[in-house]
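Next up is one chain by itself, shown in structure tokens, the form predicted alone.
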């Protein structure tokens, strides 16, 4: 099959669920992963031929995407902060907005006289933990999750070459229930920085979500009850109160609908300096907190 024919067929298939432009971008991304082609290959090489077995594999993948399975689960990876992370249905797919959390941690720390200790709660794929460890070589990062599947994915991220080149320390991954509190985890601290992207999507918001997220990404890492949507933030505040150094700070990703309420959770926990940080779409996306 000619590459241009495969692109047309793939776009038609995925367009049953996505808009044409988005469907075509997904086809380009998948074929670049599978074949090593570029988005312009079929233009500069109109007779580019795709082997039958590769074409069959691609068409099968397009059907999976048309059924709602995210591209990242089909390929097995997602890009985040300039690196490629392994992902499976056991973990959320890293979002571009979460890169801002890492940037807000990394930039102030570049001017710090000491290499920080960092605690990452609800680590999932480990994208935050690994990014901070690799961006701040020497930082000691501890990352926590309750899911065995998530911890397997996070600990299996392959950055051996970069850690060897830069001297970065791989994060230490620990199984613990964030809601059970720090005393039950065996984690002692103290830490300079605490970060977390916990579950924060309310059950009532499910109706607003696309099926590729709702039907495929892990609900354990996404949803909280409408009755108590801030349950994880109270738990994170407890961890922070117990394990953060007096001059330490934390940043958490939040539900944009609950910015002031989330900020108040940390103020009540004794972190009297709180700041709501907006994302690139001008939506409340993070709360930064410290004692002073």
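Numbering follows the first chain given and starts at 1. Model, not experiment: these values are computed from the prediction.
In what follows, reference is made to the form predicted in complex with a small molecule, a form of this protein that is not presented.
Engineer: Can you work out whether residue 131 and the small molecule are in contact in the model of the complex, taking contact to mean some heavy atom pair no more than 4.5 Å apart?
Structural biologist: Output for residue 131 is no: heavy atoms all beyond 4.5 Å of the small molecule.
Engineer: Do residue 193 and the small molecule share at least one heavy atom pair within 4.5 Å in the model of the complex?
Structural biologist: Although the small molecule is absent here, residue 193 would stay clear of it in the model of the complex, with no heavy atoms inside 4.5 Å.
Engineer: Any chance residue 232 has a heavy atom within 4.5 Å of the small molecule in the model of the complex?
Structural biologist: Yes - in the model of the complex, heavy atoms of residue 232 and the small molecule come within 4.5 Å of each other.
Engineer: Decide whether residue 143 counts as a contact residue for the small molecule in the model of the complex under a heavy atom distance cut-off of 4.5 Å.
Structural biologist: Answer no; every heavy atom of residue 143 is more than 4.5 Å from the small molecule in the model of the complex.
Engineer: Though the small molecule is not shown, can you say which of 139, 122, 153, 78 has a heavy atom within 4.5 Å of it in the model of the complex?
Structural biologist: Contact residue from the list: 122.
Engineer: Though the small molecule is not shown, can you say which of 88, 104, 185, 147 has a heavy atom within 4.5 Å of it in the model of the complex?
Structural biologist: The option sitting close enough to the partner is 147.
Engineer: Taking the small molecule in the model of the complex, would 98, 179 and 198 all count as contacting it (heavy atom within 4.5 Å)?
Structural biologist: Every residue of the candidate spot has a heavy atom within 4.5 Å of the small molecule in the model of the complex.
Engineer: Thinking of the small molecule in the model of the complex, which stretch from 157-165, 67-75, 202-210, 217-225 has heavy atoms inside 4.5 Å of it?
Structural biologist: Result for this chain: 217-225.
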